[in-house]
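Only one chain is given next, in structure tokens, and it is the form predicted alone.
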């Protein structure tokens, strides 16, 4: 493995190490930043391990640039550069640790440890490499570089102890394997299952954050499959396991679970879009019914609605915010659309309105991945290409997609019809929008006001007889 090129290290990060060294302390860059440099990747952040005690770090960098983010655990965040382009560099004192009682943090820490002792408490060997940025020396007591060459995620020391100490390390193992395209060392993989008691203590928010990082990897199915093999999936989203060996029909080569993984890998978009992809068919197993006209095959009537409710439950369990939860539900409930060339412009506009313009790009990306996930090398553009073009045609600047886009509003309706504010006004607005969805040229003030008496009569009749 080639050595680290000092030119790749930012001057401000080197400056932190030099200042610590100049004050007589040891200072090493550690963790993911060094791992990424060794892999030829651009690090997202840098951490420093030092022999300096937290108070010494605070005094050395001053209150303006040193933030006491975790003094009792030995961590000070040093802000380099000038605002608004500060870079936060976590500087942590070499430490030993007491017992982990909550599956997250040690009950106590002791300062004065050696560098080797400090590295020995870290999760995986590839994250337990230290680099003296001033002298240019690598310190690798657990052969992390060898594991990087071998493409292995391997725990430092006793794997079971590492997972018992911090329950989230199990998710980090599968996430990093997915991100880097690595395998998990067999003893480390086996130890994940034995550390499930600690994993169950981890907060839903922390699990969710690791899951989203996993879904942003080049091949997220690798991580999901590792979750299944280790028992993590049963603890986080047991609903997905219902798709294992859940056979479908002639239009799908794979069972629901395998189809889901194939669709997930082919979905273009951010982690939230991919989470929607992961759950798009989650309702199929609970909706499956034998097809009377095709023995051995099954139908999944309204599985998208069942799936949307299940997706909502999963998102709430993992503490997703409202906006992300709504986005995931929109993908799941709307993914079963079938475009045909005989759709009118009004049908296309109603489709846009039902889905929501903001969700359209993600939904079309999911649909294309869903086609590829069927496993028959189909061209997804045959199902979505023309629809994309139609959407572009009807979403002109003056097209009305909601009542807010109409050139008249509720006050105009009350004035022209002489009716008070109330439900009738909303019904009339919706009825006007239905007319405009079919013919966008109607969206002018004279035309809509002229239509009001007729539309109001029809809206009132519909309200009396909704069937």
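Bear in mind the structure is a predicted one, so any value in this text is a computation, not a measurement. Numbering follows the first chain given and starts at 1.
The form predicted in complex with a small molecule exists for this protein as well; it is not shown, and the discussion that follows is about that form.
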Taking 31, 44 and 169 as the candidate spot, are all three within 4.5 angstroms of the small molecule in the model of the complex by heavy atoms? yes
The listed residue (325, 122, 259, 350) that reaches within 4.5 Å of the small molecule in the model of the complex by any heavy atom is 122
Just to be sure I understand the contacts: of 248, 198, 127, 75, which is the one whose heavy atoms reach within 4.5 angstroms of the small molecule in the model of the complex? 127
Quick check for you: of 114 to 122, 372 to 380, 76 to 84, 234 to 242, which stretch puts a non-hydrogen atom within 4.5 Å of the small molecule in the model of the complex? 114 to 122
Since only the chain is shown here, I'm wondering whether residue 335 would be in contact with the small molecule in the model of the complex (any heavy atom pair within 4.5 Å). no
Contact flag, residue 230 vs the small molecule in the model of the complex, heavy atom cut 4.5 Å: no
Can you check whether residue 176 is within 4.5 Å of the small molecule in the model of the complex, heavy atom basis? yes
Going by a heavy atom distance of 4.5 Å, is residue 213 a contact of the small molecule in the model of the complex? yes
